[in-house]
Structures are given as structure tokens and as C-alpha cells.
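Coming up is one lone chain in C-alpha cells, specifically the form predicted on its own.
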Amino acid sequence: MKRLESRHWVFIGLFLVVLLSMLLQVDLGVEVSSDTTRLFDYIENLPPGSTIMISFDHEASSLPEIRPLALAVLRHAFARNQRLVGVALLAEGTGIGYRLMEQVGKEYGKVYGEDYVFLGFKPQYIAAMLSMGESIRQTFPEDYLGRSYDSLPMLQGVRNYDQIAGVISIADGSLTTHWIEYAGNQYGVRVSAAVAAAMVTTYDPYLASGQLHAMIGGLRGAAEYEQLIHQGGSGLRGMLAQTTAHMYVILMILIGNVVYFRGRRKRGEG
């Protein structure tokens, strides 16, 4: 068996630190940003029974970061008795979006077809956005499960964006931009976003101009939102693991420098 070197022990230590931090229930007391509060207030102040469209505009590779964001938003919307219409404009978000909506729907005792529906995936996302502005029914004649649009009770009277209180794009790329340009600018839809941390700076100009109503980003955004809804989740646990991992790395750097300079000093004295 190969002998473990010092670098191996460092990685083992990092693994144990992350594992323990994920298992512990420690309140980090994350300060909530004004951007996160704005999205929370938007959903909080909508009249119960309003219809919100949730668009899963992401790939499976970003799920560790996207899932906490999606769950926090879905839990808040269901807790406020909002009706949710799910769509996916990237193929990989289709199955993920349906499972997340189903999971949270069961948590809150919601009934599919009455409290939420998932319409599924539609290729050519720009064409789909524009088409829904004219008729959601013609864009999605059937839902993800193959049920006809007219057979779903909550969709009765929902013709186009005029009956939608807003769109929340859960994205890891640039699709939120298209929601702003085609649904927001052309049809007056209020667009908000829950995005991967790497995309936050991309959307900051849209947020500053008011074209994007509200935005939360990354694990930090998920953790802030979980604090606002008073329900812990993988966002807060992920932030704790990230924080402890950073502290561990800093500690290892300090120890490594101390060992290096002490060894250098001894060699000099020799």
C-alpha cells in the first residue's frame, strides 16, 4: 500500500471539514441583501391565487447551485398559495423542473392541475417566448404528462402573459436575457431571476435599469432566501460548508508557511 503523503492528509482533512459542516445545524446569520428582499417581497405581496410562470432555464451540470435556489422560490410561492406554471426552455431542465415542482407540491399538499402544472420543454426558446405572448395553449397543447391544456382546471382562463403575474427564470446562462428582451420588453411581463453566481454580474445592468425586476444568485442568494422564509435548506448548509472550507484552506496556508520558514531558518543555521 502506498504511504500517504502530507498532501493526502490535507485533502482528507478538507473532506472531513466539509462533511461535518454539512451535518451540523449551525446558524450563520447571513445578512440578507436588498436584491433578495425584493424578490421575496414580490412573491409575498402578490394576491393569493396569482399565477406565476417558473422557467427552468439551466443544464444538469449546475444543479448543485441551482437546486437550492429553485426550492427556496417554490416553497415560498406554494406557502403563499400562488399557482405555478412550470416550463423549460433547455431540454435538461425539463425532468429536473418537473421533479422539483412535484417534490415541493407534495410538501405543501398541492394538487397537480389545480395548484400547479408543468408544461414541459419547447425548442426554439425565442419562438416559444413570443408564441406564449399570443397563446400559451397553442404553444403547449399538452402538458409534460401528456394531458391536454383544456383538461387542467388551473389553466382555464390563462390565455397568454396577460394572465401571468410574472416570470421567474431559474438560469445558469443567458436565457434570462431573452425573457427580458422578448417577454418583458414586448409583452410587459415582469421578469425576475434566480441565477448561478457566475451570472450575477451579467444581469446587474438589467437589474439597475429596471428591466429585471429582482434577482437572487448562487448559494449565497439561496441561503438568504431560506432565512427570509424561515426554512433551512441546502443553501444555508452549502454556505456553511463553503465558509468552513475556506477557513480550513487559510489555516493550511498559514501552517504551510510556518513550516517552510522554520525549515529554511534551520537550514540557514546549519
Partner chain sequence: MPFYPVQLVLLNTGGAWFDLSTLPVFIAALIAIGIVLFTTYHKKSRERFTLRKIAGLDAVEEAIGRATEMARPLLYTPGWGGDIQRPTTIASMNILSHVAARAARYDCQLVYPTHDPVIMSVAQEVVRESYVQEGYPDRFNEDNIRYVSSSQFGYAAAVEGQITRLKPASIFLLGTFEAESLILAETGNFVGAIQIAGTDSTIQLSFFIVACDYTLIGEELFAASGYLSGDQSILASVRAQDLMKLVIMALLIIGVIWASINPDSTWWRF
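Positions refer to the first chain, counted from 1. Values in this document were obtained by computation on a predicted structure and should not be read as measured data.
Absent from the display: the form predicted in complex with the partner chain. The rest refers to it.
### Message
Please determine whether K106 contacts the partner chain in the model of the complex, using a 4.5 Å cut-off between heavy atoms.
### Response
Outside the cut-off, so no.
#### Entry: is_contact(E114, the partner chain) in the model of the complex, heavy atom dist at most 4.5 Å
It does not: once the partner chain is placed as it appears in the model of the complex, E114 has no heavy atom within 4.5 Å of it.
### Query
Hey, in the model of the complex, does S174 get a heavy atom within 4.5 angstroms of the partner chain?
Within the cut-off, so yes.
### Query
Any of the heavy atoms of P153 lying within 4.5 Å of the partner chain in the model of the complex?
No, P153 sits far enough from the partner chain in the model of the complex that none of its heavy atoms falls within 4.5 Å.
### Task
Could you tell me if all three of E59, K122 and R159 have a heavy atom no more than 4.5 Å from the partner chain in the model of the complex?
Every residue of the candidate spot has a heavy atom within 4.5 Å of the partner chain in the model of the complex.
### Query
What residues, if any, in 87-120 have a non-hydrogen atom within 4.5 angstroms of the partner chain in the model of the complex?
Stretch hits: a single one, E92.
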